[in-house]
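As structure tokens, one chain now follows by itself in the form predicted on its own.
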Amino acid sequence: MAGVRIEGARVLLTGASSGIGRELARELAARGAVLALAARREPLLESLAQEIEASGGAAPAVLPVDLSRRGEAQELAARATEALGRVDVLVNNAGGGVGGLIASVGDRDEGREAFEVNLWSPLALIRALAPPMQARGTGAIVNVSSLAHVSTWPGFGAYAATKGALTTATETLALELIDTGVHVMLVYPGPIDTAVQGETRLVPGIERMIGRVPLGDAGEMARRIVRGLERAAARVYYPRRVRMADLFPALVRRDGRRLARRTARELDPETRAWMSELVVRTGSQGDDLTRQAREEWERSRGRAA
């Protein structure tokens, strides 16, 4: 299958207000794409749109949306189609999550919202936008997932489950769209130097798992996604070592059990009690604890939160 021609492509990009999404918007616009930018934080979307236009790119459509709410994705698809005329490329980059032990999160609202953002909203957008792509015989769907379901950690189970489900759905979608002209691509970011690293490091022992892979750069992640589109890649990994987790999941899981056991033996009773009660929303609109951690990480990097 031929890759996507970025120049002139009409792209709906979710999670565009910060991190990988913001860098991806800049990269796509620099190569001539026409964008519809979607995220919760409208002021950040507006500033990004102004930056893109000032740099000579086509003025993006700004579409504020809360994808943790059922029905918002379907409405977003309609708004993007109206703003762009058609959607050639759908990038499901928006993500959110919940922190807490499986027995604490259970089926609470925080866990259900994580599934809405990370699974159901991407599937709703695909349902709305894939059929028109098929009818035209061209298009691309990019789902930004994670290998958290392979290299998970205590307190990350619900989030890992959302990404595992998205991965399986994406792999199936790729089979279903063979020879239709619609390309499906999975993106596996490893630890990337974005605000999410602040909240991730709230979890005891997590450095033992993620510290083995050097932090990647969000701009480089964006460039690799664009190159993947141009080359019709099935999967994009970054940093490079992340690919090993996909190739050798049994080894990664075994190592994870060893590290988790070591961490559990070192936890004091107070930390155990704290972890057993902790359930927090993560992401840009998360709870106070995670928002503060994100802001502190950004400040430590000399960036605005």
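Since this is a predicted model, take the numbers as computed values, not measurements. A residue's number is simply how far along the shown sequence it sits, counting from 1.
We do not show the form predicted together with a small molecule, though everything after this point is about it.
- Contact check for 16, 192 and 294: all three have a heavy atom within 4.5 Å of the small molecule in the model of the complex.
- This chain is displayed without the small molecule, yet in the model of the complex the stretch 194-202 from 194-202, 227-235, 133-141, 174-182 comes within 4.5 Å of it by heavy atoms.
- Looking at residue 29, you'd find every heavy atom of it more than 4.5 angstroms from the small molecule in the model of the complex.
- Looking at residue 95, you'd find a heavy atom of it within 4.5 angstroms of the small molecule in the model of the complex.
- Remark: residue 284 counts among the residues lining the small molecule in the model of the complex, judged by a heavy atom distance of 4.5 Å or less.
- The small molecule is not drawn, but in the model of the complex it has no heavy atom within 4.5 Å of residue 243.
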